[in-house]
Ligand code: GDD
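Before any questions on binding or motion, here is one chain by itself as structure tokens, the form predicted on its own.
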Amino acid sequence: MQAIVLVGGEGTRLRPLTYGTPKPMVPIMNVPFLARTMERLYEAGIRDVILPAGYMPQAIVDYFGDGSRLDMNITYVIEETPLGTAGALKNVEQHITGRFFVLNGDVLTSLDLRAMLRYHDEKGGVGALHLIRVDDPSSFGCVVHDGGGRVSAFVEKPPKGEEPTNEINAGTYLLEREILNFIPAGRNVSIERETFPKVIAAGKDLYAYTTADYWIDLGRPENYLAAHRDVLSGAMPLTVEPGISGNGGEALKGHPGVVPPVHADEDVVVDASAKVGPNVVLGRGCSIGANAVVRESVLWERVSVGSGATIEEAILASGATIGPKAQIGRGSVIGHDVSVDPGQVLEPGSRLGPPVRA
């Protein structure tokens, strides 16, 4: 069994975080998200992974290498131009030996891949599509199917109140190699908008695999923060201890200003008068100054927070420096190595980073 993880996107919705870090390498609980995905694949018995990469691929290659460190085999195929979800599959066709999983590179889910494989074996057909139910499907792609799970239609972002179902495409597929025959080579192709409808029109069977698993699209800053809250609360099962956790968590236990849940990596320093938590993740080498306040936020590596500064519901990339008494408003995103001046007040939703690249 093989898996293809779609990691070619530029992560534009997460800018400025993705100016210095490709989207698959954005950390979840201080570990690159793609590494979390690799863990899931390994647990499902999958050792052969193909990565169609396009944006800043060297960072991915440098971290994972050939996969041997993980007891896996990783094949990289670099896209010169974006090829879309189906075009990326066609572009790696020569490496695909049989049926395969496809995982969107920005989805965090508790989906049991082994259970999905059993379902596919039971149903047959050319593929199984993971679906979840949402309250408002108008921002997603709805998938219509009969009582036996056979898919009959795809409706992309239907107007609110006009959706045919509340079951949406959750971005994990289990496909037979035959599906590649429906994808033209050499151009950008959407599997959701073009390939799957073509497969159904040809009389081939696709089946819906609907579950109540945890699922979130990490591509937006608000979702990225929500995912961390869900991991810290246990709503998204990940190997994280409750309360105060992480390699640097022991040093924070007993700190009067640390309100769990808080997850900290090594070499984190929190002043005795600072207040940290709840729902805070601190990367390796972070320092929190006297009387500073950090709540509901994710700080990557080597973030320095000056005395009296306040950070609320924000994301700070590696190397960011927050000056004394600065205030970082809710929903703000601070890029790599960016400095916020002492006393500076950032309005809610601010994004501060390097100049936009041409």
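Everything quoted here is computed from the prediction, not taken from an experiment. In case it trips you up, residue 1 is the first one in the sequence shown, and so on.
Below, we turn to the form predicted together with the named molecule, even though it does not appear here.
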| property | result |
| --- | --- |
| Contact test in the predicted complex: G105 vs the named molecule, heavy atoms, 4.5 Å | yes |
| 4.5 Å heavy atom contact, L41 to the named molecule in the predicted complex | no |
| Interface membership of A88, the named molecule in the predicted complex, 4.5 Å heavy atom rule | yes |
| Contact of R15 with the named molecule in the predicted complex (heavy atom, 4.5 Å) | no |
| Non-hydrogen atom within 4.5 angstroms of the named molecule in the predicted complex for each of I28, P221 and E301 | no |
| Stretch in contact in the predicted complex with the named molecule, which is absent here, among 248-256, 166-174, 269-277, 199-207 (heavy atoms within 4.5 Å) | 166-174 |
| Sole residue of P260, G285, G125, G141 within 4.5 Å of the named molecule in the predicted complex, by heavy atom | G141 |
| Contacting member of M116, L83, I244, I179, with respect to the named molecule in the predicted complex [4.5 Å, heavy atom] | L83 |
| Sequence-ordered residues of 329-348 touching the named molecule in the predicted complex, heavy atom within 4.5 Å | none |
